[in-house]
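Given as structure tokens, the chain that follows is alone and in the form predicted alone.
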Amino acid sequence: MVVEELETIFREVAQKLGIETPSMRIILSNRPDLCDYQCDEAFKLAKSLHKNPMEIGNRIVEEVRQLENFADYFEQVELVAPGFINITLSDSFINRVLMTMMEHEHFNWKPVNPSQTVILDYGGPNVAKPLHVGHMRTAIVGESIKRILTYAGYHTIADVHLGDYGLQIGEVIYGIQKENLRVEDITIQDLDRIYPAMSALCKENPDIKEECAQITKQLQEGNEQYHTMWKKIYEVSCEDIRGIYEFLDVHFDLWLGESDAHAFIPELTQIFEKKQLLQISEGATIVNVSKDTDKKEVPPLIFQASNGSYLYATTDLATILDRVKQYHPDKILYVTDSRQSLHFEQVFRAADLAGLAPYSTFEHLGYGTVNGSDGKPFKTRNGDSPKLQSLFQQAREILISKKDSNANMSDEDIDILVNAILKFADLSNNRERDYIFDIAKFSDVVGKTGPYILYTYLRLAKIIQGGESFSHKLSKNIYNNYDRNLRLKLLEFEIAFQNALDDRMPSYIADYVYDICVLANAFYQNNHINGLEEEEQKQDWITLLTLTNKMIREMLYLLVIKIPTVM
């Protein structure tokens, strides 16, 4: 690819000049009006060689200009004070790389070692509780990161990791008993009603909360009556959860949860006892995970509560034990709310201390909150987090209201557009930051929105269909700045994708595909392909737009967005 080839050329030139350097880093120019790429290594080399950067840079530039194949790569290479090397690519090199991208899978991306296994823990819905906007974010961000890693060549395993054995189950069982409901008659509507009512009751009445905690403890210890009720709650809730994830095109390889982890707690306890990591504090069993180097207090991990029940930290550790034994992962990534960072820091340290897996195995990929226009976490008028089903319906209604013809679209295309509205709005934001949720704005076909990306794709597809008789080849020519800008942006794929991969940040992909669409629309508006009489130029542009749409399509896949038939 571009950067790799340029770095090889510059490194070989440096070696020829007797300059020993492990790399000659090439970066995108921060002044695209002056050049395409730049090399700032003269400053680093000058410091190590005790020379002036201009002297080092001039030697490198002059040697590059003397290369026999200079014109195959460069239009211009020049030195600019106080030592920047500016690089402008030749048209032939740009087109040669674009054809390589066109002809190879994943645009000639070189995959990592496929034997490296990454487990992704995202989704994390609590059984018996309705899914809300926060669950949408973890599902979409997690699914996108999984697709990016898979695209890069990793073997990925996605686990929904259900919260199916916690206090909320005890609360719902208490509510079912209070209403004298028959287990076989329990519906999702019952769960949606009972959980919030019981949760509010427990906050008001500590005695009832303790009773619910005891129900949870007895369930975990194998109480048959509670297990029968739990099984029905699980089945009803998971059917609803699976339907929502199916709508979002989010897919998991494993549907495991806290209940599955409980089978590994005895073995986990033995491991921690053998390492002498367990201590008793105020009746609870804890693990001290603090370090002398901590700048902030890291409290101990609670391994077992004083009432004998196990909390999230212990089931997370038991899950790690299971995952390590079964899959031997190189990495385990957790996609959750950033506010859980302390919890995962405790778990990762405890896993490392116990020898379950090195600390470096784990990554907590935290995300910010979804906020309303007031800057506070997005709520309904009655103060609740909006349920996903109602959010989907709201997005449908706004979409249909945007244009009369939208009402005539198929249900499938409307669902695809609803997904695009919600997903691009989320993923175009840095996952670590909060963002303002505005469905009306996100539904527009102008601006940085999902519909704008899809509209661009469908517009280009119509042009491409008019040139289906052409073979997909590029000459050595580039015809104007609109043309060149689009081609150069396509060359940036390797940079955008590598950044998204390294930082686990889908927003880099969203930014990149949006930039492509802006340049593609500028190209379309200023270059009229259908009226061209010059066949070579017409073939070049049809080929360019074919590659552009292939890029848009694959970037949308990484963002978990499908493409409708019409808009």
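Residue numbers run from 1 along the displayed sequence. None of these values were measured; they are calculated from a predicted model.
Not pictured, yet referred to below: the form predicted together with a small molecule.
- Heavy atoms of residue 135 reach within 4.5 Å of the small molecule in the predicted complex, making it an interface residue.
- The closest non-hydrogen atom of residue 329 lies beyond 4.5 Å of the small molecule in the predicted complex.
- Using a 4.5 angstroms limit between non-hydrogen atoms, residue 493 is distant from the small molecule in the predicted complex.
- Put simply, residue 121 is close to the small molecule in the predicted complex: some heavy atom of it is within 4.5 Å.
- Here the chain stands by itself, but in the predicted complex one stretch of 102 to 110, 472 to 480, 336 to 344, 215 to 223, 336 to 344, has heavy atoms within 4.5 Å of the small molecule.
- Only one of 126, 429, 449, 259 comes within 4.5 Å of the small molecule in the predicted complex through a heavy atom, and that residue is 126.
- When you look in the predicted complex, the only residue of 151, 435, 312, 455 with a non-hydrogen atom within 4.5 Å of the small molecule is 312.
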